[in-house]
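Consider the single chain below, provided in structure tokens and representing the form predicted alone.
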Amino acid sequence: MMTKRILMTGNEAIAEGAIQAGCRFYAGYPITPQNELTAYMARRMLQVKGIFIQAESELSAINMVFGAAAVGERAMTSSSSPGMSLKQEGISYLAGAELPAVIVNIMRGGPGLGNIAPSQSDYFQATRGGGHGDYRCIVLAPSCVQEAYNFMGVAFDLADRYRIPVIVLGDGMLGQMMEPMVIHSLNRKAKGIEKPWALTGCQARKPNVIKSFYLKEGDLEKFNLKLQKKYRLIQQKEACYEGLFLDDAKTILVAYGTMARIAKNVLYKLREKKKKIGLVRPITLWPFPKGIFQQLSVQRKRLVALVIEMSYGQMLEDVKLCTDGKIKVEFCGRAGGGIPTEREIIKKIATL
């Protein structure tokens, strides 16, 4: 039996992936380069008897997601960099109320309004919380259209498992590119999942309360300690990466998302020339897959890690923290819509 492959943009694949994963509530506000995602949701949500709302602002959209998540729905919003900045208060509220939700960011150039070209300059915002308070979001970074689709099932499952906001972090290149992909069901865990904490009405049980507000002295600190325990568990269990040619590599390329695709092309070209190049592609940006870097740091002292980003060195900081000065870490990056080319990366490798 032949598998049917269809052409979709990354934005459309994310939207369809969310629907197949059981998302039945979407609220968003238009912003380039993720508008195709919102438009796709507007069509498809009606067909699956879900709810689509084009909110009056990004602030409204994220707070609508809060409400839908509070009653147990699989809820989602999406935006691009400046719009994500507006959502940060609501994301902090989601984290503070321990509500599961999925937030998609198709990054564009910044700071400010910037431009609509692809960028990876929202890494700090996504992996460090972004809003106020000591909280984290799980962050997934797809590198192709098929992964953009597949990761939506993973995102909703993780959100429900840990009662946490999950960010799917792409960029304008991934959102706009069109590739062949396979649609398959991602809804294995959505049906019948129990959410005893949800606000479904008091039916012969003690009322549920969802809040992020603690006035009694000491209560907020206890709650924060609970969150930190959960975050440590996530770090232990959910860190994920792709590794290529790590056994003999003397230089490791480190890149995520669509930047990793360019890095892979460099990798294969240089391997054909007998160069000992490897690659680590973080799939979860938080929790960051620090274990593989610590392992490589112990095994090989003369290793060089070259971090490649569409930013001026944000993931670079995590790689340096993981390696703790035990291996050499170099950087190749551009921002503001600039994309490091294969030629630039190869030239940089030649200087290491």
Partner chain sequence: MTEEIIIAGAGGQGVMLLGKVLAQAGLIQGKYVTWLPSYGAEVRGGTAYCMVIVSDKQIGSPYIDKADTLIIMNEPSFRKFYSYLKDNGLLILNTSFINLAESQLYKRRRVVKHPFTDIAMQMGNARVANMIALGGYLAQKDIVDQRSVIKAMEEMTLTDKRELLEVNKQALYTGLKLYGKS
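The shown structure was predicted, so the numbers you read here are calculated from the model rather than taken from an experiment. Residue numbers count along the first chain shown, from 1.
The same protein also exists as the form predicted in complex with the partner chain; that form is not shown, yet it is the one meant from here on.
Taking the partner from elsewhere, Leu227 is found to have every heavy atom lying beyond 4.5 Å of the partner chain in the model of the complex. Among residues of the shown chain, Leu7 is one whose heavy atoms approach the partner chain to within 4.5 Å in the model of the complex. In the model of the complex, no heavy atom of Ser85 sits within 4.5 Å of the partner chain. The partner chain in the model of the complex is not approached by Ser60, whose heavy atoms all lie more than 4.5 angstroms from it. Highlighted residues Ala117, Met177 and Arg261: every one comes within 4.5 Å of the partner chain in the model of the complex, counting any heavy atom.
Considering the partner chain in the model of the complex, the lone stretch of 312 to 320, 47 to 55, 63 to 71, 25 to 33 in range is 25 to 33 [heavy atom distance within 4.5 Å]. When the partner chain is considered in the model of the complex, only one residue from Gln235, Ser212, Thr200, Asn265 comes within 4.5 Å through any heavy atom, namely Asn265. Distance criterion of 4.5 Å from any heavy atom to the partner chain in the model of the complex singles out Met173 from the list Val154, Met173, Ile164, Leu279.
Applying a 4.5 Å heavy atom cutoff to the partner chain in the model of the complex picks out Thr341, Arg343 from 332 to 352, in order along the sequence.
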